[in-house]
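Take a look at this single chain, the form predicted alone, given in structure tokens.
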């Protein structure tokens, strides 16, 4: 069996990590790479990834990258929002190339961005390819996994997911992303401008509700700082007492007055316990916990690669993780 030929688009930290994961996996080969950053244009992908020269030169334009060889699939790791990702997707599928993307809002955009979702769906169907958004969260832990666990239930009345993470040993960009080290005023400012939030929580609620057959009448996305009760020090960051040591984000999906979907994402420096937990109320109740939690960086890269064979088998159009065949590790 020949290797699956991959086009990588977007070579930030996540794209580079995925490139290194591809090198480690049998059955997958990167054949082309694209990034709009002018500092990367013409540079060798292998060297950018910290290894030896690969012969794959990073291109700034899609047509240049695929001029010599058409890839089997594109791995798209550029932006998080539907507004910016839609024209990128339309350009790729016009070449007859299916896509798996880490764009958070793409995981289930049908309620939050229906017109853009329709544009992508129609473009993908016209070119007979599938487009799928996935990742560890959204894409798995707080939506696809709890949905799959309900398969053994005769009835489900509510779904709750708790994701707690200790950010103490994570990279500085992640600590900054969750607001660690900000004063309450600075935290509020970033919350208001939208730069401090876990993208995709609403999409996860809508994904679950759709699969359960619930029509949500209201959703809430509540963001609050968790303040340090004493001075804290990480490898890269000093946090003073009274400053934020992280974020708590709660998503509630209502049917009438009842909360049917309740999602809690809490990431702080010094979080007492890291875990991922799913609580399904119904017949029977199901409680499942992953002690220590799932490593987000590793899991996001892995699920993107593991989804590739199933995206290639999927029906044309914009699909979700509930629409494609079951994703698993493969070698």
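Numbering follows the first chain given and starts at 1. What you are looking at is a predicted structure, and each value in this text was computed from that prediction instead of being measured.
Missing here is the form predicted in complex with another copy of the chain; even so, the following discussion is about that form.
Although the partner is absent from the chain shown here, none of 165, 237 and 264 has a heavy atom within 4.5 Å of another copy of the chain in the predicted complex. Of the heavy atoms in residue 187, none are within 4.5 Å of another copy of the chain in the predicted complex. Taking the partner from the other structure, another copy of the chain in the predicted complex has no heavy atom within 4.5 Å of any heavy atom of residue 38. The closest non-hydrogen atom of residue 148 lies within 4.5 Å of another copy of the chain in the predicted complex. In the predicted complex, another copy of the chain sits within 4.5 Å of a heavy atom of residue 152. With the partner removed from view, the residue among 54, 60, 29, 306 that has a non-hydrogen atom within 4.5 Å of another copy of the chain in the predicted complex turns out to be 306. Checking 279, 67, 47, 298 against another copy of the chain in the predicted complex, a heavy atom within 4.5 Å turns up for just one residue: 298.
Shown alone, this chain has one stretch from 198-206, 133-141, 225-233, 173-181 that lies within 4.5 Å of another copy of the chain in the predicted complex by heavy atoms: 133-141.
Taking another copy of the chain as positioned in the predicted complex, the residues of 7-27 that bring a heavy atom within 4.5 Å of it are, in sequence order, 21, 24, 25.
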